[in-house]
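Below sits a lone chain in structure tokens, taken as the form predicted alone.
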Amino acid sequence: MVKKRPVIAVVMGSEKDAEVMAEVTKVLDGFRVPYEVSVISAHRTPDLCRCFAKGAARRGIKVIIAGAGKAAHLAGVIASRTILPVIGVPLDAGMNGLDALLSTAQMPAGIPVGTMAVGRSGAVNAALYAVAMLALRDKGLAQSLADYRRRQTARVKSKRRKVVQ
């Protein structure tokens, strides 16, 4: 089997972020969307971060999902070096993730970063949002996303029936 070229880059600021960011890759695996994973620090490896961001489109990447905690500048630094869409996942490394949320969401005008919720929910939603972006040009992926939503709705309705009875 030929491995497909990655179209989504999943980046985290530290190996400590891997547990939460694994939620991104689980979703992408479910949709069979090829991805790459990297640990890159905006602060400790700034040259690597710059090279990664500048070369992402050339490597075939369409969307970047960046998760980081504390100062959480990773998504913003990457977004400043590429025109690809960047989705930020704030991670709880202190202050319940509020510091990371604000650092990710409060980008200056002109350098947007789509910002998700803190933690696991944000990681799952970042992956689903990236899939939705790709689905704009991929009818098969769009159908898979619609099927996912229908299954999700059916699960909720099934649980509701159990609670209401």
Ligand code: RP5
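Being a predicted model, the structure only gives us computed values, none of them experimental. All residue numbers refer to positions in the sequence shown, first residue = 1.
As for the form predicted in complex with 5-O-phosphono-beta-D-ribofuranose (RP5), it is not shown, yet the points below apply to it.
Residue 62 versus 5-O-phosphono-beta-D-ribofuranose (RP5), in the model of the complex: is there a non-hydrogen atom within 4.5 Å?
No, residue 62 sits far enough from 5-O-phosphono-beta-D-ribofuranose (RP5) in the model of the complex that none of its heavy atoms falls within 4.5 Å.
Wondering, does residue 139 line up within 4.5 Å of 5-O-phosphono-beta-D-ribofuranose (RP5) in the model of the complex on heavy atoms?
Residue 139: no, not in contact with 5-O-phosphono-beta-D-ribofuranose (RP5) in the model of the complex.
Decide whether residue 50 counts as a contact residue for 5-O-phosphono-beta-D-ribofuranose (RP5) in the model of the complex under a heavy atom distance cut-off of 4.5 Å.
Judged by the heavy-atom cut-off of 4.5 Å, residue 50 is well away from 5-O-phosphono-beta-D-ribofuranose (RP5) in the model of the complex.
Answer for residue 44 alone: is it within 4.5 Å of 5-O-phosphono-beta-D-ribofuranose (RP5) in the model of the complex, judged on heavy atom distances?
Yes, residue 44 sits close enough to 5-O-phosphono-beta-D-ribofuranose (RP5) in the model of the complex that at least one of its heavy atoms falls within 4.5 Å.
For this chain shown on its own, do 23, 26 and 125 all sit within 4.5 Å of 5-O-phosphono-beta-D-ribofuranose (RP5) in the model of the complex, going by heavy atoms?
No: no residue has a heavy atom within 4.5 Å of the partner.
Contact stretch among 51-59, 28-36, 110-118, 66-74 - heavy atom within 4.5 Å of 5-O-phosphono-beta-D-ribofuranose (RP5) in the model of the complex:
One stretch meets the cut-off, namely 66-74.
For the heavy atom contacts within 4.5 Å of 5-O-phosphono-beta-D-ribofuranose (RP5) in the model of the complex, list the residues of 76-103 involved, in sequence order.
Just 93.
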